[in-house]
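Presented as structure tokens, the chain that follows is alone, the form predicted on its own.
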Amino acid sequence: MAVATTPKDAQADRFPVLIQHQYGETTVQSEPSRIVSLSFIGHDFLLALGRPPHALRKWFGPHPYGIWPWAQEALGEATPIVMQGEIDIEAIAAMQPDLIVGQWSGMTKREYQLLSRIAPTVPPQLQYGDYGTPWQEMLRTLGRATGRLDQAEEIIAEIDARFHNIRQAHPEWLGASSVMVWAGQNGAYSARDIRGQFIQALGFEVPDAINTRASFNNYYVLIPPEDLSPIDVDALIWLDAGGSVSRLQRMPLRPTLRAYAEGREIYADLLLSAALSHSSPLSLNYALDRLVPLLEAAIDGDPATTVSSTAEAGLLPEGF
């Protein structure tokens, strides 16, 4: 499913726009042209709106400009400045931006106050915290800030419709339990996190055993290796940035999981894990294309059905 990436000049919203957020409110007086994106995933959202950032904050991965394959076409010939690590106020000031956006950035109030002296700055909304903003709200906010709200709403409607259609095609998923777990340290993502929101948008439920342990700004819970019961779910999704297969193979209590014995584990390789972790308008369709068939195999009610990605990673139990 394609996502529109061409700006719609005729639908550019009127300025100024007022945006409420966790540190107060910000007014964007006119359509910005030099946008600095401090969110670890926000550049994907700007690219989906056809607004390549002047500078972006790279998260991880080997790709040029920190842009993963699903967003490279939208990047086009743009050559953004790449930042990495902590927010560098002086470096940002030197860029002379006319808009700074930082949803999913961990921006502190002090940093916001300093950045606001440079240009209108947009941190997360109060009700969602630093990393809990749904992708729809992130895109909607950037749509308002850049004068592309109509385009943002069209993208949201298109992707939400795809999630709806998948739910309709899989009524057996409704209320089934599932969780995404970072394989490097058994970090289970709660329903407040974008990965938990993704799995719930397909009809699954993240267990209360995880949600009740997560705090407002702590979006994942470390599961001790001596008690894996909180992640023994109907569909267990292991996210891996690379190098964690051997750890999973050696995990002493993993064979005690029902999900292991019944072949309901899903291994997500680096690219799929990154797509789910970005959960952007440009990565969601890629993630759905790859994950939905794996989910279908994992919980079809037949333990003999192998999950291809788990088999290819060498993580199936003996006899599968």
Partner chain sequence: MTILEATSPRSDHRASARQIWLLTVVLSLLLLSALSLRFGLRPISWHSIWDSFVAYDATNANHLVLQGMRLPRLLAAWLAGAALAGSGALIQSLTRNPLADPGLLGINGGASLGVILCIFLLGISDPAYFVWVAMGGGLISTVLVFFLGSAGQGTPLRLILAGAALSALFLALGRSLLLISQRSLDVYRFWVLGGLDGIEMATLAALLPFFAVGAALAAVSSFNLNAMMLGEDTARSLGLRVGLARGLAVCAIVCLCGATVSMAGPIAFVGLIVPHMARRFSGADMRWCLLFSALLGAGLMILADLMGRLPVFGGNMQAGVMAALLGGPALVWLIRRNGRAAL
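All of these numbers come straight from a predicted model, not from anything done at the bench. Numbering follows the first chain given and starts at 1.
Although not depicted, the form predicted in complex with the partner chain is the subject of the following passage.
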In the model of the complex, is there a heavy atom of the partner chain that lies within 4.5 Å of any heavy atom of residue 93, even though the partner is absent here? no
Partner proximity in the model of the complex: residue 252 to the partner chain, non-hydrogen atom cutoff 4.5 Å: yes
Heavy atoms within 4.5 Å of the partner chain in the model of the complex: does residue 77 have any? no
Test of understanding: in the model of the complex, would residue 256 fall inside 4.5 Å of the partner chain by heavy atoms? yes
Full three-residue contact with the partner chain in the model of the complex, heavy atom 4.5 Å, for 187, 203 and 314: no
Contacting member of 84, 212, 127, 113, with respect to the partner chain in the model of the complex [4.5 Å, heavy atom]: 84
Given 220 to 228, 138 to 146, 155 to 163, 114 to 122, the stretch touching the partner chain in the model of the complex at heavy atoms within 4.5 Å is 220 to 228
Within 45 to 63, the residues that have a heavy atom no more than 4.5 Å from the partner chain in the model of the complex: 60
